[in-house]
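Single chain ahead, by itself, as structure tokens, in the form predicted on its own.
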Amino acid sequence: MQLRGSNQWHFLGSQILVCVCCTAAAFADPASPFSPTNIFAPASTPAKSIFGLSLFVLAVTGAIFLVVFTLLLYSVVKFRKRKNDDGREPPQVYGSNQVELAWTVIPVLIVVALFMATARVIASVQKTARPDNAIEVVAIGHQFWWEYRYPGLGVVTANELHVPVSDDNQSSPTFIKLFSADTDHSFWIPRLAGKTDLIPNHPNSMWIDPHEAGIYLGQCAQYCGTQHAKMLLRVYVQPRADFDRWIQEQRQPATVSAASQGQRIFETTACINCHTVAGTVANGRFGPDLTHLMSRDTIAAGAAKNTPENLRQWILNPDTIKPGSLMPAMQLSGQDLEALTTYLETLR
């Protein structure tokens, strides 16, 4: 029995050590490229406000834990069973007004303080006025991918959101309107902002002002169906000049090359019912806009890298990459599959 108990204590100790090490590592290297979702490294004003609130809540709850643990440890040591214990029940104390008042008033004050701090942060984030130079993006959640529209800039893309960096030299916040095309989704980029739900027929909004250029990863945080776990977010924060260049490139129609056979297949199969390619007759709205497909690093909402091999497999049978996705398997012949893939590779 002693050995078994000892093993349990060793196991518990090892788990605590792992948690402590992971937390320390997160604080020690907040800008690590291997942690693009690190909640301990906020890179936007809303995320910093939430992070500050979380530290305050952690401090309050940590103080409560220390007080309770200290009292518990004191009670265990002070009133432990002694050798001369006769086994009689100790005197019972009832009706202490001081104790009852303390454990009623103190928790109420703690809850009020936490509520007020939380309400202040929520109000400061949600009631921020939109400046004239803000970028407007409309994000639409689909099963299981993201659609991004830039109404003032004439750009439509999918899965990979591009925004300008907002630094001290040039503040350029991005205000995002959130819609859902089907079921509930949740838009969450941990280093840039908190979770905000996308609810059918109920528009929501949020904003970000990333202070550092780079790639920030996120996730749909609301279960929305089979492939909820692979409904990923990629936010590309770029210097203003690079962002403007990207906008200009995305405004251009699709580049048509010698892959006419592949384009004919695209326009005479079910592809045209779901996808849009600017400058062609394809104007579907159920799937991602493919006008500049090859300018994206990933396909299937981040489930796979955008390579010819993955693209070919995605067209042939999407379930091999994303089981349960709503894109149908095209069942093309080898020659037609190769021609269609070649055509899609020209969409840059």
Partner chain sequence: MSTESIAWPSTAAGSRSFVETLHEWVTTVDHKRLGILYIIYALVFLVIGGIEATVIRIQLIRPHNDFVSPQVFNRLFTMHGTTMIFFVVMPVLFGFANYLIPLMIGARDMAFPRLNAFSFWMTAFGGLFLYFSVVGANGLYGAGNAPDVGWFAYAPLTSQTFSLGHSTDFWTLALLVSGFGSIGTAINIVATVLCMRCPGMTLAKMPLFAWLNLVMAGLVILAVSPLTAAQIMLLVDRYLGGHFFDTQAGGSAVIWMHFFWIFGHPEVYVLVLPAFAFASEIIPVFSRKPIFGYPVMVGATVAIGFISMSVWAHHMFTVGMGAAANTFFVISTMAIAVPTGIKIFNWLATMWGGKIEFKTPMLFCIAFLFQFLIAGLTGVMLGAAPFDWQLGNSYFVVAHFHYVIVGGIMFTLFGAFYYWFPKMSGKMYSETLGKLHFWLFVIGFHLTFDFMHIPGILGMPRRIYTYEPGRGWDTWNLIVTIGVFFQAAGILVFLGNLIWSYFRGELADNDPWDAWTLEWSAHSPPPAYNFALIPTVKSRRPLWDLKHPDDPDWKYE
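For the two forms, the rigid core is made up of the largest set of C-alpha atoms that agree within 1.5 Å on superposition. Here the structure is a predicted model, which means the values were calculated and not measured. Residue numbers count along the first chain shown, from 1.
One more form of this protein, predicted in complex with its partner chain, exists but is not displayed; see below.
Exercise. Which of these residues, Ala241, Ile122, Ile215, Ala270, gets a heavy atom within 4.5 Å of its partner chain in the predicted complex?
Worked result: Comparing distances to its partner chain in the predicted complex, the residue within 4.5 Å is Ile122.
Problem set entry | Interface residue in the predicted complex among Thr276, Gln219, Ser172, Gln250, criterion: non-hydrogen atom within 4.5 angstroms of its partner chain | Of the listed residues, the single hit is Gln219.
Exercise. Quick one: in the predicted complex, does every one of Ala134, Ser166 and Gln261 get a heavy atom within 4.5 Å of its partner chain?
Worked result: No residue of the spot touches its partner chain in the predicted complex.
For this session: Spell out, yes or no, whether the shortest heavy atom distance between Asn38 and its partner chain in the predicted complex is within 4.5 Å.
Result: Yes - in the predicted complex, heavy atoms of Asn38 and its partner chain come within 4.5 Å of each other.
Exercise. Lys195 near its partner chain in the predicted complex, any heavy atom under 4.5 Å?
Worked result: Because a heavy atom of Lys195 falls inside 4.5 Å of its partner chain in the predicted complex, the answer is yes.
Exercise. Hey, in the predicted complex, is Leu293 touching its partner chain, heavy atoms inside 4.5 Å?
Worked result: The answer is no: Leu293 has no heavy atom within 4.5 Å of its partner chain.
Exercise. How about Lys83: is it within 4.5 Å of its partner chain in the predicted complex, going by heavy atoms?
Worked result: No - in the predicted complex, heavy atoms of Lys83 and its partner chain never come within 4.5 Å of each other.
Exercise. Thinking of its partner chain in the predicted complex, which stretch from 242-250, 149-157, 221-229, 262-270 has heavy atoms inside 4.5 Å of it?
Worked result: Answer to the contact question: 221-229.
Exercise. What residues in 92-114 sit within 4.5 Å of its partner chain in the predicted complex, counting heavy atoms only?
Worked result: Residues within 4.5 Å: Gln92, Val93, Tyr94, Gly95, Ser96, Glu100, Trp103, Thr104, Pro107, Val108, Val111, Leu114.
Problem set entry | Threshold 2 Å Cα movement between the shown form and the other one at Lys127, rigid core reference | No, the C-alpha moves less than 2 Å.
For this session: Inspect the rigid-core superposition and answer whether the C-alpha of Asn201 shifts by 2 angstroms or more between the shown form and the other one.
Result: For Asn201, whose C-alpha is compared between the shown form and the other one after core superposition, the shift is less than 2 Å.
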